[in-house]
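This document opens with one chain alone, in structure tokens, the form predicted alone.
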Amino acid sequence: MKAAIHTKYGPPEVVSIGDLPKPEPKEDEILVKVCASTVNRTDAGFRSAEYFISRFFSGLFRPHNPVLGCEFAGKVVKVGSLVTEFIPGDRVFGFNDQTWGGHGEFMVIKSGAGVTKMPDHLTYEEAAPISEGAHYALGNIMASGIKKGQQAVVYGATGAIGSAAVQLLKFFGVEVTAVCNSKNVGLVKSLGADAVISYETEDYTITKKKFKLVLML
């Protein structure tokens, strides 16, 4: 299969297109034909390994997994003997920062990991970018212990994490104040924020509100 491969850490130039054997799913894995993926901050961070601690997960001197791509959307083509959640033909998407693989034509992932069936109305290109930012946003929200009716501020509400945080907080019933630049005020309002402040014209710290959670992104 064709894949974007990196065998050493470094800048984007260490990645090249090459051929690798098509992976075979283990008994608890599914084989996915990748239809869409992304290149995001997680991929770039593990590719460069400039944040040295990442090497303890990906390989101290060289990457264990030559194919990056933590976000993916595609079609299940084969399932392991113990898999009951999926069948061939299922459209799936997810997040895999353990074994990666989204930058190849095919990838394997455990059926109980970060993969689920796609909503019928989404295209592969729409589903693939959903999970990376939302994964980090949800982790921070859950760690904060914020509850319905409390208030949160999201500073940097237009990035992958920030835009996901606004929507997830509203889903949990939180009152959200979002901070962004002036040109994106309308966009952030459309995400459901209760109040939107442009940092170019206002100081969001001048307020009588008491926030349970402040996300600086």
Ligand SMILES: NC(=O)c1ccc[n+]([C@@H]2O[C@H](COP(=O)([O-])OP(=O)(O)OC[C@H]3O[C@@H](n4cnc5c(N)ncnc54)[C@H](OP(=O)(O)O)[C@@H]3O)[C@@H](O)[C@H]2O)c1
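Counting begins at 1, following the sequence as shown. Worth saying up front: this structure is predicted, and the values here are computed from it rather than measured.
Separately, the form predicted together with the named molecule exists; it is not shown, and the next lines address it.
Proximity to the named molecule in the predicted complex, defined as a heavy atom within 4.5 Å, singles out one entry of 160, 191, 49, 36, which is 160. Listed residues 90, 97, 105, 132 were compared with the named molecule in the predicted complex; 132 is the one with a heavy atom within 4.5 Å. Contact between residue 65 and the named molecule in the predicted complex is not found at the 4.5 Å heavy atom cutoff. At a distance threshold of 4.5 angstroms between non-hydrogen atoms, residue 4 is out of contact with the named molecule in the predicted complex. In the predicted complex, the named molecule stays beyond 4.5 Å of every heavy atom belonging to residue 153.
Residue contact with the named molecule in the predicted complex: residue 170 places no heavy atom within 4.5 Å of it. Residues placing heavy atoms within 4.5 Å of the named molecule in the predicted complex fall in a single listed stretch, namely 179-187, out of 144-152, 179-187, 56-64, 26-34.
Residues 41, 42 are the ones in 20-52 with at least one heavy atom within 4.5 Å of the named molecule in the predicted complex, listed in sequence order.
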